[in-house]
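This document starts with one chain, in the form predicted alone, laid out as structure tokens.
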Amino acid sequence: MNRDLLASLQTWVQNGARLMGEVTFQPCPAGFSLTHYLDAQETDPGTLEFFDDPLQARKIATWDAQGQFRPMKTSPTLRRGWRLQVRDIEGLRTALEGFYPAMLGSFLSLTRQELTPVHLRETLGRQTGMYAITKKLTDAQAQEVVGCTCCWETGCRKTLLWQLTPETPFQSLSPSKFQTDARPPDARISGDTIPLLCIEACNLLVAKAREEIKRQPAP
């Protein structure tokens, strides 16, 4: 799998991929240079904290600009002000995996048509214990919870591959939330996107669904 992933990443880069989540990467004589996409136009390299070990990507991704721990690495809170230099495509893979664990593999699986999305009703339907109550979530509540929790601007940068049911899409999210080629409107870089993919509602969303049910007054 690692060999296939490395070869696929090489192909994606050769075909023009330059952005993944909030990270942009550019080929350079020394290998690849990675920065926050909002720092891509920075012309004075001295203003950016320099790193040269791809394993340091995980360190960069751990804390936000206020020093708060980032429990969800796909939230739009990756701090700015750094530049990471890696020597080759293997270093690029290691770095991107550090920023967004398992996301390269998910995209490779999508290109191979090996991903099967799990829609929200199915996810909630199998909850047990304290989360079994989420089965009572109404369609309207689901639209609201997903709209707030998964929104691209403040919640999560993943592309949703699932819906409420196979027949019921979410109207509470912008259409770009479901597009694998979506990119930040303020990204002043050229190149294609390697998407971050969501195939099933995460634990955070399930917890938010439980909070929504508990918040409602008892009948």
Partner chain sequence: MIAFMNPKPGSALVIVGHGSTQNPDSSTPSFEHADAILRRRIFGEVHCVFWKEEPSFRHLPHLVDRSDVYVVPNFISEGYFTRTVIPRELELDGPLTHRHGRTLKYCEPVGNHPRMTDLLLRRAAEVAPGVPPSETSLLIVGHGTNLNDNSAAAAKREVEKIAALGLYAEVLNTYMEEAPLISEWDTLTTQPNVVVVPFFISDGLHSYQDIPVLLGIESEPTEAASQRSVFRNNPYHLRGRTLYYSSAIGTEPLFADVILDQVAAFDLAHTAHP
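Numbering follows the first chain given and starts at 1. The structure presented is a predicted model; accordingly, all values stated were derived computationally and were not measured.
Just so it is clear, the following notes concern the form predicted together with the partner chain, a form of the same protein that is not shown.
- Using a 4.5 angstroms threshold between heavy atoms, M72 counts as touching the partner chain in the predicted bound form.
- Contact check for N203: a non-hydrogen atom falls within 4.5 Å of the partner chain in the predicted bound form.
- Although the partner is absent from this view, Y131 contacts the partner chain in the predicted bound form, with a non-hydrogen atom inside 4.5 angstroms.
- Of the heavy atoms in A17, none are within 4.5 Å of the partner chain in the predicted bound form.
- Checking T168, S176, T62, Q26 against the partner chain in the predicted bound form, a heavy atom within 4.5 Å turns up for just one residue: T62.
- Although the partner chain is omitted here, in the predicted bound form none of E144, C148 and I213 has a heavy atom within 4.5 Å of it.
- Contact residues in stretch 141 to 161 (any heavy atom within 4.5 Å of the partner chain, taken in the predicted bound form) are limited to K158.
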